[in-house]
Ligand SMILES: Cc1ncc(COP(=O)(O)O)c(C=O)c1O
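First, one chain by itself: the form predicted on its own, in structure tokens.
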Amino acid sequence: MSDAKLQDVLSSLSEVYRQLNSIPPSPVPEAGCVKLNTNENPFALPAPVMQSALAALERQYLYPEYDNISLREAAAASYDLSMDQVIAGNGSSELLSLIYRAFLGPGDSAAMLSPGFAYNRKLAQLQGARLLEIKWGETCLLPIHKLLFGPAKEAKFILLANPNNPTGTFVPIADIESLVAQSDRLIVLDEAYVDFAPDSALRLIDRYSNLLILRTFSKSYAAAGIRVGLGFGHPEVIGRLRNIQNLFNMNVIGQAVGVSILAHRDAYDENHRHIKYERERVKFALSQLGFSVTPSHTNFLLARVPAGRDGPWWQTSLKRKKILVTVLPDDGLEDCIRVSIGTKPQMDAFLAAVEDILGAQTSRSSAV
């Protein structure tokens, strides 16, 4: 295609989509890297869940079940809800995008507690809407007054995550309820990491029609690559979101694995205990090495690096040792890295790499 033809094609894009650059090629991680940058749960599926996935492959020639009925029924039974209070999606990210499509048009706004899930910025941009980012207080208390009466008062909905990504912090459910009870707007609560936390807001669903809770099986149920997400809310809200989903939005493996996970949630107890133990072990070790680590209720740690270097420097230094971690673009987090919690050997490799880097810095300082 000539350049002139390409420009004609690109000029036909809608105004909003013309503002987005094409995505550059993604670098492929080197073989043998320890991947601690995307908060995955790196353990095998329990045997019965794996068996359900293999059995689903034998039905690959069939379309998936329409409207995810069996998965929604299983979720309703597991969480003591009615089926019309449940929506199932191709990961919770699909459900989040449905919310933006359903509630926002050009010129509208949504509010998000910041730092938060960066993907929300793109979702708002795609709707021609604004994302108002409301800063958490320094004590990580829920800024209810700001969300209700500050710049966010015109927002169509309010997004918050509990526990929060990327900080790992958790706020009491009583604070969440206070916000929901005082607001006449939709409150979207992302509970992606709730299985590592002390409490959940799910019991509030029957009390408040303006609360919508999102869950995913990517973090605590080791199914990130299978893409299973759930949403819980008032039947009228859920029904309208289901009405705009893609046809056959989930595949047969995702549907089968989701149902099986719900039937075998107790098979993940040891997995969750391990991650919580390793989280605290690594937190203590990093603290001893000069990092300032935020207490976490997730499967990751946010760590402020020792003085003298910033987060990107540490990310690059660790990558040279084949350890992948994340840095954050948010204001105030430039000196931080986010580290997923994996297996004990993975975390030992990470800590050994950190010690090597610090040792090399000390040696260079001594030589000067």
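Note that the coordinates shown come from a computational prediction; the quantities given were computed from them, not determined experimentally. Numbering starts at 1 and follows the sequence shown.
If you look for the form predicted together with the ligand, you will not find it shown, but the lines that follow are about it.
Residue contact with the ligand in the model of the complex: residue 165 places a heavy atom within 4.5 Å of it.
Within this chain, residue 193 lines the site of the ligand in the model of the complex, having a heavy atom no more than 4.5 Å away. Although the partner is absent here, residue 219 is a contact residue: one of its heavy atoms lies within 4.5 angstroms of the ligand in the model of the complex. Within this chain, residue 232 is remote from the site of the ligand in the model of the complex, having no heavy atom within 4.5 Å. The stretch from 77-85, 259-267, 174-182, 92-100 that comes within 4.5 Å of the ligand in the model of the complex, counting heavy atoms only, is 92-100. Here is the short version: of 72, 297, 227, 279, the single residue with a heavy atom within 4.5 Å of the ligand in the model of the complex is 227. Of the candidates 161, 104, 111, 211, 161 is the one whose heavy atoms come within 4.5 Å of the ligand in the model of the complex; the others do not. Looking at 103-121, the one residue that comes within 4.5 Å of the ligand in the model of the complex, counting any heavy atom, is 117.
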